[in-house]
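Just one chain is shown here, as structure tokens, and it is the form predicted alone.
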Amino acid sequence: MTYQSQVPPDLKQDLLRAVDNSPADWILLNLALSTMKMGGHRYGAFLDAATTAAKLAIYSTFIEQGCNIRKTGFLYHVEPKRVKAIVHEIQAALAEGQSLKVLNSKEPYYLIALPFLWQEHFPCAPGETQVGLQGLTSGERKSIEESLPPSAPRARILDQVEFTELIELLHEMSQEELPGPQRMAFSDALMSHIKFRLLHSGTVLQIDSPLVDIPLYALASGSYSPKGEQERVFAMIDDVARYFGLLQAWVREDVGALRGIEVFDVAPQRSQEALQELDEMLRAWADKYHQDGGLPMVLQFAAGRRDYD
């Protein structure tokens, strides 16, 4: 599994045909690609969040329709008894201050604790070997240790069993903070997901040494931080969420909301020049109208090659 910034053109066309080129379906597909494939969220977490979003949409319509269950069900083709159950679920959550299942920052927080937990449970004092496996000479142990980056924290190198047990402990500690109904059992699929996130971020390094028959795992960084493309993915998701809010304000005809779009052709050799000039113009425009303490505004845009009109 790898993160990709773009869907291959042939696959993109296949997906478009699969959703009948519907803009609404294409939005949902892009959302799934961004949060699951690029953002690293699990399949189950995405489904939970999508279900929660649908329930919240039904509940908001229920309120707008004067708490009329039958009319709400009619609008969304949902049985009245199902609408009633959803309304009770949301009202109970709001009354009790419960957190609904959504895609949020709990998963990154979940992983942030691993370097501290590793160093607490598997410390390695100066002068001690970081490799605890039996049957290796001091030279072989030193060879494995030298494969670590110079900045790696001093902590013991773990085998597969120890690494799995550490991740399971991390999972159990994170679940203690959640209400009983929201707790998730540890599984092989969850283990693989967490392992992937830790290896991809560079927090953990897998060592495949010819000196041992099993993979070893070393703490390579004192902190967990997604790197490279994934950082842009989270920024992209934030931007899309904000853009939806801005367009909703435009639909309501709120004062201070503007929707703008320009479609044009440009000489390929001048495309970067055009984007650079646009960037400078926007900064100059914002500087011209900025006033400390004034009405807070945001200008958000993206420019690039159009695939279809």
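Computed from a predicted model, the values in this text were never measured in an experiment. Note that residue numbering begins at 1 and tracks the sequence as displayed.
Not pictured, yet referred to below: the form predicted in complex with the DNA.
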Answer yes if any heavy atom of residue 187 is within 4.5 Å of a heavy atom of the DNA in the predicted bound form; otherwise answer no. yes
So in the predicted bound form, is the DNA close enough to residue 44 to count as touching (4.5 Å, heavy atoms)? yes
Quick one: is residue 281 in contact with the DNA in the predicted bound form, heavy atoms, 4.5 Å cut-off? no
So in the predicted bound form, does residue 81 come within 4.5 Å of the DNA, heavy atom to heavy atom? yes
Which pick from 29, 36, 50, 69 sits with a heavy atom within 4.5 Å of the DNA in the predicted bound form? 69
Only one of 114-122, 148-156, 72-80, 162-170 has residues with a heavy atom within 4.5 Å of the DNA in the predicted bound form, and that stretch is 72-80
